[in-house]
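Read the single chain below, which is given as structure tokens and is the form predicted on its own.
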């Protein structure tokens, strides 16, 4: 970093600026929620599951609003929150570098401020897109500079109602632990609403020796000199093919059901304020029309990804070639192909690039609530021609991302759970899935939690107002002692 060009550069200077900005904005606000004890146990105001970008966005927005008795529980080790340095195999983020990130409207907390402080203004100007590891560094910096209370290597096993609160059962490095929270935010990423989509034509018994999902941990060293089949034509399929070839695989062939790849990314066209902030203002009919349209259009893989894979000599793609069956053969797999040239082919290993599924019955931590969670199919019946069963399985969420009841027998604590992950797409758009809207998602969840706690704790909050006793006129001749 050239100090003569940028004398104020450096993270220490930026962090001083952050402290000054927060002081000027009087953030965080003073803690106001009355402490709650239950059976001698202090109840968390909010437990956030996941310390990736959505968890950070929710936690910061809550703390700035004066809700400081919160905790983030993250299954991964420090520096590995989210997919960025583990299973995300693209070279760079797909989003433009200019997106501010979960910065809470504070310029000194933006990605650009972080990058310029660390690398310099000239490096920022030269940057094309953000490398995955650099984005991870930025998120780790936010955790540190905001002082977020994260418990790493801690996994939520189950969530259950308990007399108006939520009981969390956690697996921690010290053993299993149970605690209570007033609210829980599930900031658990794209796989957090049902897991990875695994096609019926691929026997699960092939995993992990002969097959893996594109978002599984994969030892690419095992594939050196071997033949790889990749099922699917989305971004993750291309990324895995390119990664395998770059690490020495002899060949990688994409088998794609579509006769041609999608060309237009409608997700980019729906990333402005009208969609990020106005999606849930639409009535159900217009919202469903939008959901079905985006579902049908699909998104193309980024052009950087498509250019990356063919640079390797062993890359092939077969469009219009559905995989109709897969079986084990020898130490590899045999694929039965359909399309214009039906045949059987053999490969040493298979990567399944079929994305994620949304199925609330398949979220283990929500097993106690799953039968009671409203889905879109419970609240809206599409007209003929617009039925999309895959999208009808999405949960129907309230305005603060809270779960809503399917019927009158649902436990009232259901609405204390906020689903800030990919499962929120049908109700709120992509703001809990993609970088452009994550700050808006955090603000919306935090605002809803604040309003809910004010309603729940109103007697104590009102009593605190009545007990407030700081005379304004104590230093004047008009002071009358009480």
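Because the structure is a prediction, the values reported are computed rather than measured. Positions refer to the first chain, counted from 1.
Note that the form predicted in complex with a small molecule isn't included here; everything after this is about it.
Heavy atoms within 4.5 Å of the small molecule in the model of the complex map, among the stretches 89 to 97, 223 to 231, 117 to 125, 253 to 261, onto 89 to 97 alone. Not displayed here, the small molecule is kept clear of residue 423 by more than 4.5 Å at the level of heavy atoms in the model of the complex. Contact annotation for residue 55: at least one heavy atom lies within 4.5 Å of the small molecule in the model of the complex. By the criterion of a heavy atom within 4.5 Å, residue 83 is counted among the residues contacting the small molecule in the model of the complex. None of the heavy atoms of residue 194 is located within 4.5 Å of the small molecule in the model of the complex. Checking 301, 101, 189, 353 for any heavy atom within 4.5 Å of the small molecule in the model of the complex turns up a single hit: 189.
Screening 154, 243, 305, 321 for any heavy atom within 4.5 Å of the small molecule in the model of the complex leaves a single hit, 154.
Against the small molecule in the model of the complex, the set 215, 365 and 434 is in full contact: each member has a heavy atom within 4.5 Å.
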